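The chain below stands alone and is given in structure tokens; this is the form predicted on its own.
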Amino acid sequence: MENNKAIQVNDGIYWVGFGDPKAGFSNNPYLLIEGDSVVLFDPGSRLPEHFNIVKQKIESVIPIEKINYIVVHHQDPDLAASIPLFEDIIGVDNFEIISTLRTSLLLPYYGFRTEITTIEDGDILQLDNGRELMFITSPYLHFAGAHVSYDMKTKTLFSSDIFAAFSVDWHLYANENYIEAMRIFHEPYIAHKSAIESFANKIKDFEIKMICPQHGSIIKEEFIPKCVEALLNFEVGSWLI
């Protein structure tokens, strides 16, 4: 796998992340390009050895200045700390930062100046050519203000930490070992099963053909039912006494 090249994983969707064997999990920013609309999901860490990889991969398909939207599913530094570095390239207020209200209260501590557009459950962002992104709130998975994004054209769910995994033996696409890697991630990070059940109920009628988590591996359509079943059966809150 070329370290400096984006990998197209669906129609207009590119993986621009990297495996991180030292941390034991991957970081998976994604880029969506539709005409003149360019969306970057969860841009990632600001550490030079991380940011430079993501930057090179984006630049392998499009100039960074073309980015219109940065969607931040929650405020953790592995998702959002690089926003000021992207702002330095794109320019203040030359793009939109999109998050929920609760996430937006914490994001400015990273030091960027661009205003944040806040979304609510079910809001839709219309891109070029009529392509639409729906935003779905996912409270307590694992942050109160977390959300996910659903690309209505390709039926792709950008799931943030939901369906994520720890894995030293990392692959871009999930394989038969992925459910155990998911379990190791979810059981300590998710506090209560009701949060999972609430989210599962929200998306039960959605047609989902691909899941793109922020850590771990991309889940293709044929493997999604097994991963959903496993998610619903994990013994979450495992650090509670």
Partner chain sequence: MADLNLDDKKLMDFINLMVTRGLGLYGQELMAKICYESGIALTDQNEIDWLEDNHIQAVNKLLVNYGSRNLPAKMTAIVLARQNQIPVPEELLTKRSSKKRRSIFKRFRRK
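As the structure is a computational prediction, the values presented were derived from the model and not from experiment. Residue numbers count along the first chain shown, from 1.
Keep in mind that the form predicted together with the partner chain is not shown, yet the notes after this line are about it.
Quiz item: Does the partner chain come within 4.5 Å of any heavy atom of residue 111 in the predicted bound form?
Solution: Residue-level check for residue 111: no, no contact with the partner chain.
Practice problem: Give a yes/no on whether residue 120 approaches the partner chain to within 4.5 Å in the predicted bound form, heavy atoms considered. | Solution: Although the partner chain is absent here, residue 120 would touch it in the predicted bound form, with heavy atoms inside 4.5 Å.
Quiz item: Looking in the predicted bound form, any heavy atom of residue 129 within 4.5 Å of the partner chain?
Solution: Looking in the predicted bound form, residue contacts with the partner chain do not include residue 129, since no heavy atom lies within 4.5 Å.
Self-check item: is_contact(residue 89, the partner chain) in the predicted bound form, heavy atom dist at most 4.5 Å
Solution: No - in the predicted bound form, heavy atoms of residue 89 and the partner chain never come within 4.5 Å of each other.
Practice problem: Could you spot which one of 164, 98, 85, 157 gets a heavy atom to within 4.5 Å of the partner chain in the predicted bound form? | Solution: Selected residue: 98.
Practice problem: Using heavy atoms only and a 4.5 Å cut-off, determine which of 69, 173, 189, 51 is in contact with the partner chain in the predicted bound form. | Solution: None of the others qualify; the residue that does is 69.
Quiz item: Just one of 201 to 209, 173 to 181, 30 to 38, 52 to 60 has heavy atoms within 4.5 Å of the partner chain in the predicted bound form; which?
Solution: Looking at the other structure, the answer is 201 to 209.
Self-check item: Stretch 84 to 109 - residues with a heavy atom within 4.5 Å of the partner chain in the predicted bound form
Solution: Those in contact are 93, 94, 95, 96, 98, 101, 102, 104, 105.
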